[in-house]
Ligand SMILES: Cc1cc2nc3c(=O)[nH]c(=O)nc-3n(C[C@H](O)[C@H](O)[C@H](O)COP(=O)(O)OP(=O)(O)OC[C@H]3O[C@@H](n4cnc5c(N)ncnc54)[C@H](O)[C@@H]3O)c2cc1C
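Given next, in structure tokens, is a single chain: the form predicted on its own.
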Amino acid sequence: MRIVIIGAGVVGVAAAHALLAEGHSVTFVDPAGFGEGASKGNAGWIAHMDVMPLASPKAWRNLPRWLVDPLGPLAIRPGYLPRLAPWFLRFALASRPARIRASIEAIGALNCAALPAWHRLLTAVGEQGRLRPSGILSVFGSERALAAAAPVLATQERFGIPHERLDRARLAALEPALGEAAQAGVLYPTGCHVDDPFGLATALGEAALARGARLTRGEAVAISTAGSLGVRLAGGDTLPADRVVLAAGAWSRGLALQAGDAVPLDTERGYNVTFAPGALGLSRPVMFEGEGFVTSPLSGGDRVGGAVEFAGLAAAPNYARVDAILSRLARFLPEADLAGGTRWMGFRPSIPDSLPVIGPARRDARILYAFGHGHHGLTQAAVTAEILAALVAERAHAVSAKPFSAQRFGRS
């Protein structure tokens, strides 16, 4: 079939390979090219051990503390709050115990299949060397904070995710750069990251072109369904298609609405700064629990990033948020030189229940969704691609797409 993929980020390029492998022709539509959105500056984690949704009673307990600090882990620009109110209502509904349990099961199923899917994809295109299986480390400011994480660790164990608890001495032996502010930790030995997320996305995009895919630089403004299917571009041209995959990340909401699905998609603006390779002195990715940021040793440099800001797609970046992250990081890495660096801001496509949208559109099953992965875009890209290929072929996949249906939100 002729398949047009709207969006050339990591989800779109992974989907292209799954579809090309089954003999379909693929055309990308993207204004900027491969990996230029959220894929360009993310942390590079394959975070398959992360099975907890953001919506939870814990999030609501922390929310007042976060919101009074405009540079804290979560911020909402005042002028954006009225527009965000419906999203937060959905977030509140997703924080009920039954909904949390359902979200955990769905995220767990997807994330447990994520790393094997990445191995299959990267092996198929000769890029398996991009995975770095060095484990992922979570750092806590006290033994008490680690003890409070016991329910999360128990949930991860239920999904077969191994971990090792570390006291201060073992933590310091593993990562000597960590100062006294890091009092305990959890090592996930099966965690891994990629050498460079932007490099990965562009390499996969170029490999897709080498397999016969095409790239059309332009903005998709409509998906026409009257009669023959097609993607209409801002310049007026229409690309004919037998199937359309909507994988435009934070820019997917309007096209999904045209297809009959009012998806509560908003954007979590994430910030980061990248220093020279080795500047932080850490040998593996680190999550600083309760601080709202992570670090990653990438081939292009050591990256520090995180936090959540709700301000939409148009507001200018507030790089004071990077300064706030670095001031907190300095407590944990007292010997690191945190001056300079290259700063960046990107848009995570966020759904209130932390589940992506994968599956057919309400009004036309020839349109397939693959967006809204939030903090797990890189993690879930390869398995999302496999699910999409199965949907196109009308066969079952080991991970059911049902929990990720756009129709869970009701009618537009």
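Please read these numbers as outputs of a predicted model, since none were measured by experiment. From 1 onward, residues are counted along the sequence shown.
The protein also exists as the form predicted in complex with this ligand; that form is not presented, and the subsequent description refers to it.
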property	result
Heavy atom of Ala406 within 4.5 Å of this ligand in the predicted bound form	no
Distance check, Ala248 to this ligand in the predicted bound form, heavy atom within 4.5 Å	yes
is_contact(Val26, this ligand) in the predicted bound form, heavy atom dist at most 4.5 Å	no
Proximity of Gly44 to this ligand in the predicted bound form, heavy atoms at 4.5 Å	yes
Contact stretch among 73-81, 86-94, 268-276, 175-183 - heavy atom within 4.5 Å of this ligand in the predicted bound form	268-276
Residues of 69-96 having any heavy atom within 4.5 Å of this ligand in the predicted bound form, listed in sequence order	none
